[in-house]
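For reference, the chain that follows is the form predicted on its own, supplied as structure tokens.
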Amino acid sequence: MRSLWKLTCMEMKLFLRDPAAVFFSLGFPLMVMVLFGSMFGNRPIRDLGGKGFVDRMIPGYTAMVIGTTGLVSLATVVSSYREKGVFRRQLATPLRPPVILAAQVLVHFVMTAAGMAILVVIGELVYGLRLQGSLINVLPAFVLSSLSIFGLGFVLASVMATARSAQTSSMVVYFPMMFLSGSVIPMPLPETVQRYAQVLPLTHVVNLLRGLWEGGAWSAHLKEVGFLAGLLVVCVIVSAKTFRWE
């Protein structure tokens, strides 16, 4: 545990020294929320079931944080460490492989949680954010969603040969999901697009977080839970078979 703590602290410092990673993980979703919040406010809207725009979109913006941090950032960092020989040098120390990978997961999870916390705090202070559900329900869904997307990030890092290819592929995967999942604006998509969007992991993240945020029960979101849990299991298996240290 001591080695895990020290490695995690070091990796956290490295993450915070990367302006691009910090901006897209913490700043970009907040900027989107402030932009649309300034345009639409947070007064009750009939078409949104009496909810305000910010109330409705906080789960979607949280999904943006999860996707940016867990997919783009994690895949890029892990593949970069392999390409630069960082993992090889770490394995020459007393550090064990599970500790090295756990540190990456912890750092990115902490940053993802920080991104969500910033959204909630600013939403409350500026727009009077209202949580209709319970944090006891929302937080486990947040953990499951984060780990599932992290698993997908590890898969991309495992199969891509270089950091640049991992970053490019993660963006190719992430940005269509961001716009088609309903995480940016709550506009109803055409029915055909909605059907295709159901195969996108981020769609299930948005639906699960939004449903529980608005007071829904877990029993109403078994499809999303099953999809994300299955994705996590599959990604762990694929990563275990394809991950390369150098």
Partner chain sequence: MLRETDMDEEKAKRSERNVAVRVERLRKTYNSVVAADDVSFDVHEAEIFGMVGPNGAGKTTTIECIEGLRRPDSGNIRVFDLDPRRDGYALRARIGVQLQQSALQERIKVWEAMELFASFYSRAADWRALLEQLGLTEKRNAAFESLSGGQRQRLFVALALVNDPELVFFDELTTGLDPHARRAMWELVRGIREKGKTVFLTTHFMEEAERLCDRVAIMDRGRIVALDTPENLIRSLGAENRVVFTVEGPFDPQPLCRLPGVTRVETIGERIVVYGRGDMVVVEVVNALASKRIPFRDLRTEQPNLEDVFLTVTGHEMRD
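Residue numbers count along the first chain shown, from 1. The structure presented is a predicted model; accordingly, all values stated were derived computationally and were not measured.
Quick note: we don't show the form predicted in complex with the partner chain, though the next part is all about it.
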Heavy atom within 4.5 Å of the partner chain in the predicted bound form - the one residue of Ile237, Ala229, Leu14, Leu222 that qualifies:
Leu14
Which one, 160-168, 84-92, 136-144, 110-118, holds residues whose non-hydrogen atoms are within 4.5 Å of the partner chain in the predicted bound form?
84-92
May I ask you to state whether Pro97 is within 4.5 Å of the partner chain in the predicted bound form, using heavy atom distances?
yes
Contact between Arg2 and the partner chain in the predicted bound form at 4.5 Å, heavy atoms?
yes
Wondering, does Met10 line up within 4.5 Å of the partner chain in the predicted bound form on heavy atoms?
yes
Does any part of Lys6 reach within 4.5 Å of the partner chain in the predicted bound form? Heavy atoms only, please.
yes
